[in-house]
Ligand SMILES: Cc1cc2nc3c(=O)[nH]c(=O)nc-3n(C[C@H](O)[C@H](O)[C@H](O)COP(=O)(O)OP(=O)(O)OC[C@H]3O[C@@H](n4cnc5c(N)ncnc54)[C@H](O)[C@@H]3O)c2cc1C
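What follows is a single chain, given as structure tokens, in the form predicted alone.
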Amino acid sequence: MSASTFSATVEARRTLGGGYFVLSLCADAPTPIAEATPGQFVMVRGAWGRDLLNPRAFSVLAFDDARRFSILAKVFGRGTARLAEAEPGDPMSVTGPLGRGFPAPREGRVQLLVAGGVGLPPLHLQARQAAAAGRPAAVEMLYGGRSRADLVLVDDLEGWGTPLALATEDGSVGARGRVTALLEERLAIARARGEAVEILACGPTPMLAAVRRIGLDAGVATFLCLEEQMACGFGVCLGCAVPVHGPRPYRYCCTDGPVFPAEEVRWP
């Protein structure tokens, strides 16, 4: 599957609270977007003229067909603030789908999806596809944030029958503490049962570093969807280098990732 650059228009913008929003887009013509795997991403730019020259990278949240798809974002800076103000009919330039995604669920193995804040989209899509295949219990979502406002689209997961555990640092919903504590508890249950599991994670880098350590210590296959600043999406700008083990000291998040096996990532 090859990526393409295409024109699209905003169909809808749904505000979720806490700075989060879903932007639904429709391409002007059929694209490869319906072939995206969870973890792949698109580069999106509005008609901003010379202001904010670089597009912004977003994981694909969902797609309906070869033209219609959506992204989830949170207002962090000028680019996401502009997108949060987009209105139906506004034009967008999109490139995608890009990168390498997560592995599909395997028979006899449960995928533990560990999401932190705005890292939800690729894992949300993984859960959606498992449910659509009639296997919602092939995955389990462990979803954490600072407060209730950071846990969005939970109704989707509940509606699909996805097993779900929540954690907030302030205790406003779910278990009080970090989502990594839920992961350690779930791995202990898997060990006691002799259950085969693997870990798929996306979220802030400190969370991913903790998940990596937990997964490697437990001897469980772990895949990390990394969050890096990307200016091009094609490996040209070299701004998203990831330190890795092996003959090459660095690989690039946009072309070699954003999903990496945990043992490849060279973090302290």
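In this text the structure is predicted, and so the values were computed from the model without any measurement. The first residue of the sequence shown is number 1, and the count goes up from there.
The same protein has a further form, the form predicted together with the named molecule, not shown here; the description that follows concerns it.
Visitor: Heavy atom within 4.5 Å of the named molecule in the predicted bound form: which of R78, R135, R193, R106 fits that? Just give me the one.
Guide: Only one option qualifies, and that one is R78.
Visitor: Exactly one of V94, L187, L72, L157 has a non-hydrogen atom within 4.5 Å of the named molecule in the predicted bound form; which residue is it?
Guide: Of the listed residues, the single hit is L72.
Visitor: Should the three residues T37, L123 and A127 be counted as contacting the named molecule in the predicted bound form, with contact defined as a heavy atom within 4.5 Å for each?
Guide: So, no: the whole triplet misses the named molecule.
Visitor: Any idea which of 172-180, 107-115, 78-86, 158-166 reaches within 4.5 Å of the named molecule in the predicted bound form, heavy atoms considered?
Guide: Partner-contacting stretch among the options: 78-86.
Visitor: Using a 4.5 angstroms cut-off on non-hydrogen atoms, would F223 count as touching the named molecule in the predicted bound form?
Guide: Flag for F223 set to no.
Visitor: Taking the shortest heavy atom distance, is R56 within 4.5 Å of the named molecule in the predicted bound form?
Guide: Because a heavy atom of R56 falls inside 4.5 Å of the named molecule in the predicted bound form, the answer is yes.
Visitor: Classify M230 as contacting or not contacting the named molecule in the predicted bound form by the rule of any non-hydrogen atom within 4.5 angstroms, answering yes or no.
Guide: M230 belongs to the contact set for the named molecule.
Visitor: Note that the named molecule is not shown here; using its position in the predicted bound form, name the residues of 14-51 with a heavy atom within 4.5 Å of it, in sequence order.
Guide: Only a single residue, F41, comes within 4.5 Å of the partner.
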